[in-house]
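Presented as structure tokens, the chain that follows is alone, the form predicted on its own.
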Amino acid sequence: MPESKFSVVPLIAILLPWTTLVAILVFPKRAQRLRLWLCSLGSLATFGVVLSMLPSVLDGNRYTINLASVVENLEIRLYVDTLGYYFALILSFLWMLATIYSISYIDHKHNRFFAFMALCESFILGCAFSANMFTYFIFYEMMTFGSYPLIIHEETTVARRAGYKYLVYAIAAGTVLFFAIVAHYFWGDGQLGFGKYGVLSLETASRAALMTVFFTYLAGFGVKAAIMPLHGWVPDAHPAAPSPASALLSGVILKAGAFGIIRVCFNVFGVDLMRELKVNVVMAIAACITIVVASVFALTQDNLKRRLAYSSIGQVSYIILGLAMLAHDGALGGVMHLTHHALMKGCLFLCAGVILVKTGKKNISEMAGVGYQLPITMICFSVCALAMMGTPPSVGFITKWLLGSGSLEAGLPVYIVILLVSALLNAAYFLPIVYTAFFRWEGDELDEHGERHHPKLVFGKEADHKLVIPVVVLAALVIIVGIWSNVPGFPYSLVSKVAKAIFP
């Protein structure tokens, strides 16, 4: 039988990234390379500690530790359940790869980037392991201020404006979340914990009160989840931030908002109460609008990272749509997309960083022939671009298949139309990038003899393994995890347990 037991392991996982600060402060500047490698070892150790909990979590056991008690029924407590662990595992893995990538990407004189990158990992792990909404709110807000220096790292005018815009949105969202938590505490008999089937009911509060709590939560978390029209900070922050930070913003930090919404839907309200209140209808409409409109905006962007940013806005709403279906397969697809999108979009942003470092090109119109200069990078980019369209056997196909199945299960096939339109729009804004990279090149004209000279593949520019290896690993996992979907085992055994718990 599943049991909850006291353990310091989740606390160790949260504190390990702080060793990066110790490494930066203790070791002298002349030992710069050593400090950077210690930062990487810190992220590797964090992933190792999170991974060590896997056997116990698969057995149904739970880890918990109480950090502080503020007032009655208001605790700062860590709790590792299946859902939180699933989120923690993918975020710690992606963070490890992004840290290794950053050693070559970031100027070694800028220790601030590595310090705040580590702190941000600590805070978002705290979100994953939060036992109640109060604890989640504390770590969530600390993550906001921890991620701000990552956005403004290059200290350009554009970066500073993007960072300021991010803070305005995030602080406003934090205010709304605080109101939601106070209302939740008042109308929920002082219970802010996460229940298996939710903790709120019409017996403790009126219909209007519960709908107020739900929509303030949705608005507060919707800013980082980039639900339109709350998405305004994303298209500015992603291009302004360094590529490893962009990968984390898209792959993890946007998911912190989506993960908060998952907690609200399944562990605060519960499926039955959401169905009775019909709040899922509003969620579904917002998600569908975001999926389509964000994809249309992506079509108009020439800056590669800005196009990827709009793509992320639409893709994260797949999670919201899956939740709104209130169906087993829909929830399964939505929760799985936490990982699937992190793998795909993390790889795409890291590829954009390699292109920028090796060629200096930011705009798609300038990338003619870049596939011949950086073949490994662009092959990985192409794999993930095809996955975003839903091409089998990739993880993108698994997400769309499950969401389509969930829409039929919910009796709403209109969602399949939205998914098909989204897939077509994904193809419309990703395929031109691949075409430009591999089928166009600079000087694409006939010479004096009427002959056209094709460029040759050049592998020398990708000699920096610390940049290329994380890209290759993520691209490979996009395919491997997609194929693995029919094999009993991790990660699907984790997500299946979550879905079965929600829909017994």
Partner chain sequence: MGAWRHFPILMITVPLLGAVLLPFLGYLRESWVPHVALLPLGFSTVLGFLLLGRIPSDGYLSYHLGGWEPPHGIEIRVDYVGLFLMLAICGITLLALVFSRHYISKEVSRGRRTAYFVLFLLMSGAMLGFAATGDIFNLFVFMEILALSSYALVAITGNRNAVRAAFKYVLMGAPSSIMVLLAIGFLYSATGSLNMADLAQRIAESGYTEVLTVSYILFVIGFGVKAALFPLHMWLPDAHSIAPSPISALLSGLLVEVSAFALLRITFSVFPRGAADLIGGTADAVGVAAAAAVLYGGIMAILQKDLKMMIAYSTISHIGYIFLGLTAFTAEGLTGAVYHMLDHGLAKACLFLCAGNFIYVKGYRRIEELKGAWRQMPWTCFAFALASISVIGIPPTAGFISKWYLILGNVRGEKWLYACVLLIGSILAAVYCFRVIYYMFFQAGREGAWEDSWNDAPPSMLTPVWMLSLGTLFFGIFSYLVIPSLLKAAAFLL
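Worth saying up front: this structure is predicted, and the values here are computed from it rather than measured. Positions refer to the first chain, counted from 1.
Form predicted in complex with the partner chain: not shown, discussed below.
Participant: Identify, from the list E154, E141, D236, E366, the residue with a heavy atom within 4.5 Å of the partner chain in the model of the complex.
Facilitator: The residue from E154, E141, D236, E366 that makes the contact is E141.
Participant: Which residue, A219, I103, L192, V357, is the contact with the partner chain in the model of the complex, using a 4.5 Å heavy atom cutoff?
Facilitator: Result of the distance check: L192.
Participant: Using a 4.5 Å heavy atom cut-off, are T175, I181 and F186 all in contact with the partner chain in the model of the complex?
Facilitator: All of them do, each having a heavy atom within 4.5 Å of the partner.
Participant: In the model of the complex, does F397 have a heavy atom within 4.5 Å of the partner chain?
Facilitator: Contact with the partner chain, no.
Participant: So, in the model of the complex, is S69 in contact with the partner chain at a 4.5 angstroms heavy atom limit?
Facilitator: Looking in the model of the complex, residue contacts with the partner chain include S69, since a heavy atom lies within 4.5 Å.
Participant: Does A286 reach the partner chain in the model of the complex, with heavy atoms at most 4.5 Å apart?
Facilitator: No - in the model of the complex, heavy atoms of A286 and the partner chain never come within 4.5 Å of each other.
Participant: Is F137 part of the interface with the partner chain in the model of the complex - any heavy atom within 4.5 Å?
Facilitator: Yes, F137 is a contact residue.
Participant: Which of 260-268, 333-341, 379-387, 167-175 has heavy atoms within 4.5 Å of the partner chain in the model of the complex?
Facilitator: Partner-contacting stretch among the options: 167-175.
Participant: What residues, if any, in 226-260 have a non-hydrogen atom within 4.5 angstroms of the partner chain in the model of the complex?
Facilitator: Sequence-ordered list is empty.
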